[in-house]
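Shown here is one chain on its own, the form predicted on its own, set out as structure tokens.
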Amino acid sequence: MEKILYLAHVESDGTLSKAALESLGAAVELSKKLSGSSLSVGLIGSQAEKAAGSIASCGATSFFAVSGPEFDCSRYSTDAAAIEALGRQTQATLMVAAGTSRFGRAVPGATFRLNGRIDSRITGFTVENNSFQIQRWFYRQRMMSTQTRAQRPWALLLDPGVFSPWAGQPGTTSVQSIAVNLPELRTRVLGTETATTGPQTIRPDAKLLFVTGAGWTKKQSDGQPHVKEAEDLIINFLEKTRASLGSTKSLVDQTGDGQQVISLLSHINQVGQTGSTPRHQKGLSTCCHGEEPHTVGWRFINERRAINLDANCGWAQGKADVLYVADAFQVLKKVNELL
């Protein structure tokens, strides 16, 4: 019989993030498919009772919390100690959590202390004959593996954007507080700073991913490049649609070559084999030829469209649902007018 422990760190306002609700949805589904299993909730943060009330109807048999101001911030020593305490209290055999940067640092160490095993970047699971198996992608999402482990406890870090978030009615529930003996804290969290001071361009929850290719900075029909005009068109489009901005490697690399580039872009925006693999509902690629290293990053985009003047580009070879053979400058200008 599996004892499932759902782990989450509480936000500063007492809510749970979208990634945390997605992992809760997976934990609830798993507990239903594994006969004889039980589900417990372990929360970390000073407003754990408020967070527990928001998910009171998830079907968990018990709620536990490690509270206190020292557990509000992301810090390895406090997070690992809290996860270890929750694991020992519940005697969990399966620990399910979102694969956030905070848990990605702390859960492995806590699992080692519990003499368990851990797997991350999990994108699915199957249950057959009450046997539990996980699914992971390898080699830039070209190969998927199905695997299981006999070692317990087994910690599972789920990829955000894969599972459906849990949606239920809030309620009231009793939360048992767990005391943790902390080591001497050698770090102090003074605050947070944003990574960039410019406009926000990376929006993981956006429905649309808008990707720019190197064609935006090339010479246009009049024989001259129009990088500033391209930047204005793209900024206007992003502001109106609240889309997330991506880019090809060839475009972001131009910064190091000393060429004039779109100021919004950096390697953080890079999508593809050497960049990110987003999971937006829709994707629109512009001025990109649809080469394999780039399109591999679109593997989990549900609807793919592209704008390119070349009717024989890679997007036309079955990689896009719709290809618009047109000038991206003219198309985006008209779209912005319509918006």
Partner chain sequence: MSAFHIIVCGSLVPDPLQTLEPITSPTGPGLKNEAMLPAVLDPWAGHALYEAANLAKNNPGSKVWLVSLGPKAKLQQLMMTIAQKVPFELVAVDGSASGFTDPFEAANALSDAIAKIPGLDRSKLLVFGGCASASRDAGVTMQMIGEKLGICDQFLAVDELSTPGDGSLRILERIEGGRYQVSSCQGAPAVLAWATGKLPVPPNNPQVGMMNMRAIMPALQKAVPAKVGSEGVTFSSVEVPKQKRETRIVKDMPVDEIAREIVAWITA
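Everything numeric in this text was worked out from a predicted model, so none of it was measured. Just so we're on the same page, rigid core means the largest C-alpha set that superposes within 1.5 Å between forms. Residue numbers count along the first chain shown, from 1.
Heads up, the form predicted together with the partner chain isn't pictured, but that's what we're talking about next.
- Using a 4.5 Å heavy atom cutoff, R113, T192 and Q330 all lie near the partner chain in the predicted complex.
- This chain appears without its partner; in the predicted complex, the one residue of L94, L233, I118, I262 with a heavy atom within 4.5 Å of the partner chain is I118.
- Taking non-hydrogen atoms only, A320 approaches the partner chain to within 4.5 angstroms in the predicted complex.
- When the partner chain is considered in the predicted complex, R279 lies well away from it, no heavy atom lying within 4.5 Å.
- The partner chain is not shown here, and in the predicted complex it never comes within 4.5 Å of any heavy atom of Q89.
- Proximity of I307 to the partner chain in the predicted complex: non-hydrogen atoms within 4.5 Å are present.
- The candidate stretches are 40-48, 25-33, 280-288, 56-64, and the one lying within 4.5 Å of the partner chain in the predicted complex by heavy atoms is 280-288.
- Heavy atoms closer than or equal to 4.5 Å to the partner chain in the predicted complex belong, across 99-138, to the residues T100, S101, G104, R105, P108, G109, F112, R113, N115, G116, R117, I118, S120, R121, Q133, R136, W137, F138, ordered by sequence position.
- Comparing the forms between this form and the one not shown, the C-alpha position of D310 differs by 2 angstroms or more, with the core used for superposition.
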